[in-house]
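This document starts with two versions of one protein chain, written out as structure tokens and named structure 1 and structure 2.
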Structure 1
Amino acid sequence: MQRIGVFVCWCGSNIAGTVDVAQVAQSAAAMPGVVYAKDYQYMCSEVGQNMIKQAIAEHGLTRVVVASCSPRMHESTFRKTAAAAGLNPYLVEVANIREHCAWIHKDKAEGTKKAIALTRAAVAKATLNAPLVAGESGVEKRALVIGGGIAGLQTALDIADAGYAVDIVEKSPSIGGKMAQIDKTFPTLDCSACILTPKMVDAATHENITLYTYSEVESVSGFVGNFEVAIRQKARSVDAKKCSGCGLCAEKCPSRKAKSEFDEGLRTRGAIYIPFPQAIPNVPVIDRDECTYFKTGKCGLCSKICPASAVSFEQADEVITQRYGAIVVATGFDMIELDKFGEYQYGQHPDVITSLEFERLTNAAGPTGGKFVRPSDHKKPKKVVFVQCVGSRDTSGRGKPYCSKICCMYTAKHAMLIRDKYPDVEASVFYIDVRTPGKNFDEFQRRAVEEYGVQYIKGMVGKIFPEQDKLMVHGVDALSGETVVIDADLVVLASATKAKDDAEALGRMLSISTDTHDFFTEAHPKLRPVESHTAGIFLAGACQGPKDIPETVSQAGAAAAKAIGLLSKKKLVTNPCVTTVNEALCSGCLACEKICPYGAIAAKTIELTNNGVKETRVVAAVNEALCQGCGGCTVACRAGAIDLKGFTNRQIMAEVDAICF
């Protein structure tokens, strides 16, 4: 007969406000197998933990049930408490009476009744709990960073500076990301390239960092501390070891019809090109869809004039397989397409541009050499209108319902840059609300109004009509209720940010979850903000949600610290709550193999002797190092041959029976 102790936590008023904890403890004392029951204000506190240790010693407890908050919060706390008292930590059961009772019920009697039922279920399961022993696994002392923007670069540099090898995988031909496209940064208005380029150079020259540009992650397998990743390095058609970066090939390429991705399509580039002057690596890449040689077999001028004979049309993709102890996802964000916002004339009139296109027009390395002019006639505009929240906070279904967070600040920056360069240009901003949640952000936005004379109009633009060489912007001033019409020369749309188009596919590959908007989901928004739900995989930057540069760099450092903490360990403790297969019952259908998201189940051939005759048959086998204990296979098993340690079918049914008691 088990000797069970039940400990009911008040959690201050979180639980005690809606649940009669004294009644729960009193009811628990009468449950089968319970020899001790106690309630206390904060069971997770040092006093509460000492109370559990003392009770284990004095009452000879063989099982412990804690009725408190979610096991995600403090299960590890109470397991360590039990271990310190000499009890196997997996003989501790947590009944969640905060989230499941106190936080969802207003009626105290109803909440108390449910709390008693959940505690009774936990006691029933605890009676059947068996001691489990965690195993150990090694740690590969190498990290993978997916994404070479500012988040990925900062993460990689921090990990590399700690003495660990790091690989950066970047889909584009160069590292740098969105920040490389930006002219100035808020709230200091310092040059974006001036602060980014040193980071790029540091990453390229760091002895512990390897760059895989123009590359993608093709497959991921393994588990925390021992991931195996296949990286496809796409063919540049240029030998990086031979290339000197002279740029002669890009200069002489006769095919110049492709739109430059880096310049947001505002100018064309050659079929062989270097994305931007500070690109790292400074090695051209051939766009085979645009190259005349790859389309017709003719031309080949770049190969003929290359002084280093670096052009290699025969170059093929290369797949590199590497093992990693930790993975950091820093894939960044994109801007939404504006084809559903026809009222703004974007894509129909050349003088309606996006904020990112504005950045390229004002950049000294941009398509106009930093000379700010209208795309239509290359003349200086006299009136510029900025429209905020284009696709952000949109409930119509055309855009995104969330706030993109950075738009208010970069719009103020854009208006200030125009007024600083051309004081005679009128700048107006249509806005819903001004949101400036950052250090010195509010002062920065107020400077745009008070110092630079930017006119802010609270209201949205309803329609833009082209009229001769003007853009008639029709909006409403929400403060006065009056209709506003501005004859603008240029309109800049602050379009919403979104997750990368391939984020969901990458999430499936890494076994990490995404939210309804395809941003990667953190394990806990407060306590584990840079960790994913899959152990060993961390998040950095705007792949998790809209962020500015300071916040991105801060999170990158945090993700790096978590990765370093993991890589510094000699051994990792594995989860003992893994599935087991009863080979005598297994039919070999392998439905479990198909459903396992971690690739932990595979076929195994066993030999049997039946009436003196040897025969072989196929059964399922579980790799306990890969198994994460999700329990999906136990549901899929038609023969009932699979069970999950710590959550066996018998234990689950005991809980159900106890709740229905």
Structure 2
Amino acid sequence: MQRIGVFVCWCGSNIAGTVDVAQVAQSAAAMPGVVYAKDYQYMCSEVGQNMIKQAIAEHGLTRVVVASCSPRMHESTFRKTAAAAGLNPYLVEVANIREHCAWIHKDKAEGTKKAIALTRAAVAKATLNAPLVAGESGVEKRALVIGGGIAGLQTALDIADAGYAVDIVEKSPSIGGKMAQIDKTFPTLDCSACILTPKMVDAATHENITLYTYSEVESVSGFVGNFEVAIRQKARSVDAKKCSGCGLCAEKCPSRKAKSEFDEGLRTRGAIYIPFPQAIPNVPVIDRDECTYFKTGKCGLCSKICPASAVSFEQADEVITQRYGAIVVATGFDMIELDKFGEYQYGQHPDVITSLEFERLTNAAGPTGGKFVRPSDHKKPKKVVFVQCVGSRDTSGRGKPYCSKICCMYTAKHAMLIRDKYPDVEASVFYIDVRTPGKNFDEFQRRAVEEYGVQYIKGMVGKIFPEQDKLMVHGVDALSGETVVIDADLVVLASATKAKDDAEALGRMLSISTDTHDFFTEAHPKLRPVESHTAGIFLAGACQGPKDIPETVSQAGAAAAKAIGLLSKKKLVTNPCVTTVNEALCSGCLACEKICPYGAIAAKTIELTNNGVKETRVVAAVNEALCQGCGGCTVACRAGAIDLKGFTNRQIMAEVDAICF
């Protein structure tokens, strides 16, 4: 028979307000196996913990039940207490009488009754608890950062500076991400390239950082501290070791049909190309879908003219398998497609562009060399109309219901820059609300209005009609109640941001969750903003939700700190609540093996003596290092041979029985 001690916490008035704690303790004392029951104001306090330790020693307790707040809150606290008193920590059970009882119910009699029932269930379970010993696992001192934009670069640099090896996996041929495409950054109007490219160079030259560009994560297995990741390095068709980055191939490539991704399709590029002049690595890549050689077997000009003979048509994809202790996801965002917004003529008229295209159009290194001209006839526009919230805050299904967060600021930036450089150009902004909650943000937007004379119109654009060489923008000024028409030369649409299209697939690969818009979900919206629900996987940047650069950088630093904290640990304590197989019952059907998501179960041949005859039998065996303790296999087992430690069939049955008492 167990000697169980029950400790009922008042939690000040949090529990004691709706639960008669004294009565709970009194009822608990009468429960089978309970030899000691006590209530106290704050069980988690030092005094309360000492009370538990003392009782363990004085009454020879073999099990401890604490009726208090959620085990998610203080289970580990009380386990440590028990361990300090020499009791196996897994012999402690917590009955949740605060979140699941006192805070839910107003009626004291009802609350007390339920608290007693929950305590009874915990006592019943604790009776059957077995001492468990947590294993230890090592930590691979290497981090993986998925995504080579500003979020990924910052995270990688921070981790690398702490002395740990970091690999960056970047899908496109160069690191840099969205920030590399941007001309100026708000609210200080720093040149984006001037602050980003040094970081790119730092990352590329850092002794602790390895870059895998033009690469994708193919599979992820393992667990915190011991992830095994396969990275597919796509064939560049150029030998990076030989290439000197002279760019002759890209210059001479006769294929010119492909649209430059970096210039948002405003310029074409060769089939062999370097995405942008500051690309890192400065090694061209052959777009095999566009290359004449790959399509017809003819041409091969690049290979012939390359002074370093670096072009290699035979190069194949390479899969690199590497072990990591921590993974940081920094895959960023995209802009939505505007095909559902026919009224704006985007895609129909060349002078209706998105904001990101506008960034390229006004960039000194952009397709027009920084000359501010409109795409259709290369004439300087006289009137520019900006439309905000194109698809943002849209619940109709055409766009996204959330606020994209960055558009108000970059639109103010665009309008201000135009008015600054070309005071003769008129700039109007259609907005629903101006949202500028950031340091120096509102001042910035007001400056656009007050000093630069940008016309802000609260209202939306209903339709745009091209008339001769003008775009007639029909909108409304909701404040004055007048309809508005502007004969614009250029219309810039602030399209909504969205999660990467493959975010959900990546999330599934990493077993981290995504929200309804495919942004990755943080473990706690306030207290664990950079952690995912899966231990050892962290989030940085706009892959978690729309974010501007300062926010992204600070989140990247936070994610790096979390990753460093993990990597600096010598050993990790593993969850001892894993499954075990009763070999005597196991029939070797291996139904459990098929459903295990971790591949933790495998067949094992055992020898046994049956009536004096030696025979071999196949049974299931659990690899405790891989088992994460979901318990799915226990239900699949027809013979009931497999059970989950800490949540055994008997324990849960006992809880059911106790609740239905």
Partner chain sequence: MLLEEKTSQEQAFEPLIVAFCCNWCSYAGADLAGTSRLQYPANVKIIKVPCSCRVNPNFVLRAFQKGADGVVIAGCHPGDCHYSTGNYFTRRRFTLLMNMLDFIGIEKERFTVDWISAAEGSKFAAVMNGVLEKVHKLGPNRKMRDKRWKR
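C-alpha atoms forming the largest set that superposes within 1.5 Å between two forms make up the rigid core. The first residue in the sequence of structure 1 is number 1, and each one after it adds one. Small disclaimer: the values here were computed from a predicted structure and weren't measured.
> Deciding between structure 1 and structure 2, tell me which is the form predicted alone.
That would be structure 1.
> Inspect the rigid-core superposition and answer whether the C-alpha of residue 465 shifts by 2 angstroms or more between structures 1 and 2.
After core superposition, the displacement of the residue 465 C-alpha between structures 1 and 2 stays below 2 Å, so no.
> Examine residue 123 after superposing the rigid core and state whether its CA is displaced by 2 Å or more between structures 1 and 2.
True for residue 123: a C-alpha shift of 2 Å or more.
> Would residue 103 count as moving between structures 1 and 2, using a Cα shift of 2 angstroms or more after superposing the core as the test?
Superposed on the core, residue 103 moves its C-alpha 2 Å or more between structures 1 and 2.
> Look at the Cα of residue 579 between structures 1 and 2 with the rigid core superposed and state its shift in Å.
It moves 3.2 Å at the C-alpha.
> Would you mind giving the Cα movement of residue 23 between structures 1 and 2 in Å, after fitting on the rigid core?
So the C-alpha of this residue moves 8.2 Å.
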